[in-house]
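Form predicted on its own, single chain, as structure tokens, below.
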Amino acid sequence: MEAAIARNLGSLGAFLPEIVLSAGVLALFLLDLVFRGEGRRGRLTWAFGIVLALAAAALAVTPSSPRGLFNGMVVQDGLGTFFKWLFLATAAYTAGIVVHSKEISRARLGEFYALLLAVLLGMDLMAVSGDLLMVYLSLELVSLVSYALAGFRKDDVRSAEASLKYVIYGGVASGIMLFGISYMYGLFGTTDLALLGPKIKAFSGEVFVAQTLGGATAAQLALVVAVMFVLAGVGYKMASVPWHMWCPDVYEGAPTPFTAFLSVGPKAAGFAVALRFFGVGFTEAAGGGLVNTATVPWPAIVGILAAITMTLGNITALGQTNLKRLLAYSSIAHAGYLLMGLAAASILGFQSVLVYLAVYLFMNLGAFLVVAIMAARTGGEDISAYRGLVRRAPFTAIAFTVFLFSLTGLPPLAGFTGKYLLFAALLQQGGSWYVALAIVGAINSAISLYYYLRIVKAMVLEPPAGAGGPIEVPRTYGALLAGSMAALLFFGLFWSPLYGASLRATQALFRG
């Protein structure tokens, strides 16, 4: 008992970023009660920024050498560190959007920041969970707080509807996931991912059940069911088919700053869980690559989900006129592209997921920033509101075009780098199955170009909507747009730093 307590106390030093975020949540709630007057918005934003800076400093001094914390419930490694930096950047970008947003009232700004920090804490825990029960608890922390943030505008019917639908779909998905975890425990007697790996590798249906069903043992079928059920909870965060149905309504109804955050942060956290779940539990490093150690053909399952997800997302986006709904279906499609890297079941495949998520941060948050600008200045979210934008706000129109072309995957932007690595991972594996999946991905990228070009056409070729006067963009927003474009151009031309960081993070997963 004393040894266990000593081990837990010894884990606190490596848990410093999460401790800072936990204290920050409490601090923001208290400061929300203290700060009053005209400077309230600025002081609360500075307080939020200070918490993020302290968390970043704590993360910078925390070693990333692989080790288990709190008796294996949490894992410290390079993969978790990579995702923590990604989450911090997403939260900082979101704060920049909130600064001038009229959707988050000054009276409730402290609550919004505090809840956003709580979601950030949950995503950090998802990325470093070493046990399926910890995965579930951290996912629930992200989900429960997200329900409140989706319905943050209490006087808006769309926001209330978004929150309700989010709760219903989220409750079903988490319940299914918990059922899948119970199956895993019933089969292997543990929920620790590090222990599950060897047990799954040694898995033999004859050990558990002698009866066979169609050539597969009943225990093997139970494992397939367990994997699919666990994927339900993770896929719900990714917004992948068939757990995507909440996405368009929630994106449309939630406050735009939180929609932007939701489109990147929780999605990335879902992929962090998937990489660790399949990487630790179902594969092992061998001969410089990865080998599937399970009797479950999980790469094929994930590949089928990838093809269906990207196809449904892109085809449905073709008929959308509301920009938030269009970007919601675009987000679903991009979940499908990311699943291609996971389906490759290789070092390069896992690495390509990390690279794509990093560049997705800049192009998708940038796109939602433009939506926030236009909604605040014109009151509209339809494509028609963007007509003639190049004459009303040239820099904003250029930035939006860059983001949309990067989402399509056109060179020399970083979106091309991400998609190149995803397709390269599939083709590196070889075989007709992976080639077919790559072809489906290429066709879907071509489809996406059509609906992205509809927006560009409205901005550049069509006359301005309404009065058509110039649109003033706050300097903070201008700086974010410029920084996002610079990042996309830099990583599109010089992607070796990001490639190296993602490779180290991926290799750390299999060294740990």
Partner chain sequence: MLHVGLAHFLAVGALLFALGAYCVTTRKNAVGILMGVELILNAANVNFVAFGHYSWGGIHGQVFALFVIVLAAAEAAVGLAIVLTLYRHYKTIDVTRAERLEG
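Positions refer to the first chain, counted from 1. It should be emphasised that the depicted structure is a prediction, and the values quoted were computed from it without experimental measurement.
Quick note: we don't show the form predicted together with the partner chain, though the next part is all about it.
- Put simply, Asp77 is far from the partner chain in the predicted bound form: not one heavy atom of it is within 4.5 Å.
- Using a 4.5 Å cutoff between non-hydrogen atoms, Val440 does not count as a contact of the partner chain in the predicted bound form.
- In the predicted bound form, the partner chain sits within 4.5 Å of a heavy atom belonging to Ala162.
- Among residues of the shown chain, Phe395 is not one whose heavy atoms approach the partner chain to within 4.5 Å in the predicted bound form.
- None of 361-369, 88-96, 273-281, 147-155 except one has non-hydrogen atoms within 4.5 angstroms of the partner chain in the predicted bound form; the exception is 147-155.
- Between the partner chain and the residues Ile315, Leu137, Ala194, Ala300, the one pair within 4.5 Å by heavy atoms in the predicted bound form involves Leu137.
- Contact with the partner chain in the predicted bound form, judged by any heavy atom within 4.5 Å, is made by just one of Tyr329, Phe405, Phe82, Tyr434: Tyr329.
- Not one of Phe48, Leu52 and Gly68 is positioned with any heavy atom within 4.5 Å of the partner chain in the predicted bound form.
- With contact defined as any non-hydrogen atom lying within 4.5 angstroms of the partner chain in the predicted bound form, the contacting residues in 167-201 are Val167, Ile168, Gly171, Val172, Ser174, Gly175, Ile176, Leu178, Phe179, Ile181, Ser182, Tyr183, Tyr185, Gly186, Leu187, Phe188, Gly189, Thr191, given in sequence order.
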